[in-house]
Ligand code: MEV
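First, one chain by itself: the form predicted alone, in structure tokens.
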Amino acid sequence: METGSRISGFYQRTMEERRGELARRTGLDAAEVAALTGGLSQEIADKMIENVVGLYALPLAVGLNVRINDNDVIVPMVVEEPSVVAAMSNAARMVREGGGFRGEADPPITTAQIQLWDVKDGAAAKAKITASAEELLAAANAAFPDIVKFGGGAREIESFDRGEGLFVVHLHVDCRDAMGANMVNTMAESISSRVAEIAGGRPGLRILTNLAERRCVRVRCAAPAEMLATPELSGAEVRDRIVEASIFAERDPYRATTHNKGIMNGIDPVVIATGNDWRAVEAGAHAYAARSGVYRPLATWRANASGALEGKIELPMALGIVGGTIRVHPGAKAALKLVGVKTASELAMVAAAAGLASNLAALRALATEGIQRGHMALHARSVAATAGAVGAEVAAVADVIVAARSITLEAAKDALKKLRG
């Protein structure tokens, strides 16, 4: 079986040829390849959520050239925005020349909060909760014994006096390869009454926090300066401009917001493709970016001692490869087999690497020709299709309107009319 994520000319092949290539490289069988073409029946959809009336499809693509911890990875991505997949893949190719991405992840700890009201003595309550930690952890594990069999389970109890009678207990749970929301919520609910009794308060909310700061992923990379060069600018010039753009985001929350949006352009598609909760990941990422009290970038860039552009990213990433949507969505199952990860932590590193590559691509474009030229060139295909182009006409019309620098519906209609004689 062929392996590797460096596939020359992949975008030039037909969709059927691309799927065949993926099957050869990842071992997808015929049913799994078929799941990539839709993956979800109306019957399954009707059991996933309520009030279903149909299906809403988004493109499923693959990001290429990604190498993490010396392993090649083909990255499944579900996204509607043109240029995201191409830009990520191109940046990953640059990073590949510098040795690829290096990643690490914290243990898969998800945290539930138990809110208490009317706690009169916060210090005393904190001491009592600490003294009762062993009892509470045992009770939490008894509520979800299956996770203990797999080496996970409740690990730690923390408590916080938030003032004016509000007291919060954190239950930290090792969820292994699950995202863990249902698990930790079940555990929190099971011990909330006992927690209230010990602390001398009235129980309130019992639910996980999506600020999974104990479940962070960190990825770094180095792109050789020469890989960043454009026809107009040397690699060193582009590198230095990217560093300046990073500093801009580090000092300005308005820029940091859009900087991080570009990161999520790479992360969200991976999370969606693999059946995970992208809203939870987004919420945790942005809360983490603001944890200092000022909103800051999740990724930063500098020139290293050898002259390469070095980037690093850190953010919470609570993902799962078992349970939830993954159990019932054939497309999510196929995407997980395609990416080839064995643990949720490995999937988190893949998503973070895609985010870091997307950030690099965006900063390189912004620091050189501007973001619109490349983006609109890829957008031209959508405009051509909207104008009525079909088959080979799409690329032909797109080429015409890009060359004319008039990527509009009217220009596309005019080009299509001329093409058809």
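Start at 1 with the first residue shown and count on from there. Given the structure is predicted, the values throughout are model-derived calculations rather than measurements.
The following text describes the form predicted together with (R)-mevalonate (MEV), which does not appear among the structures shown.
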Quiz prompt | Joint contact, 129, 133 and 172 to (R)-mevalonate (MEV) in the predicted complex, by non-hydrogen atom at 4.5 Å | solution = no
Quiz item: Any of the heavy atoms of residue 362 lying within 4.5 Å of (R)-mevalonate (MEV) in the predicted complex?
Solution: yes
Quiz prompt | Non-hydrogen atom contact residue 262 with (R)-mevalonate (MEV) in the predicted complex at 4.5 angstroms | solution = yes
Quiz item: Taking heavy atoms and a 4.5 Å cut-off, does residue 258 contact (R)-mevalonate (MEV) in the predicted complex?
Solution: yes
Quiz item: residue 146: heavy atom within 4.5 Å of (R)-mevalonate (MEV) in the predicted complex?
Solution: no
Quiz item: Heavy atoms within 4.5 Å of (R)-mevalonate (MEV) in the predicted complex: which of the stretches 262-270, 315-323, 344-352, 220-228 has them?
Solution: 262-270
Quiz item: So which of 366, 60, 33, 40 reaches within 4.5 angstroms of (R)-mevalonate (MEV) in the predicted complex, heavy atom to heavy atom?
Solution: 366
Quiz item: Ok, 118, 156, 244, 81: which has a heavy atom sitting within 4.5 Å of (R)-mevalonate (MEV) in the predicted complex?
Solution: 81
Quiz prompt | Any residue of 385-416 that, in the predicted complex, places a heavy atom within 4.5 Å of (R)-mevalonate (MEV) | solution = none
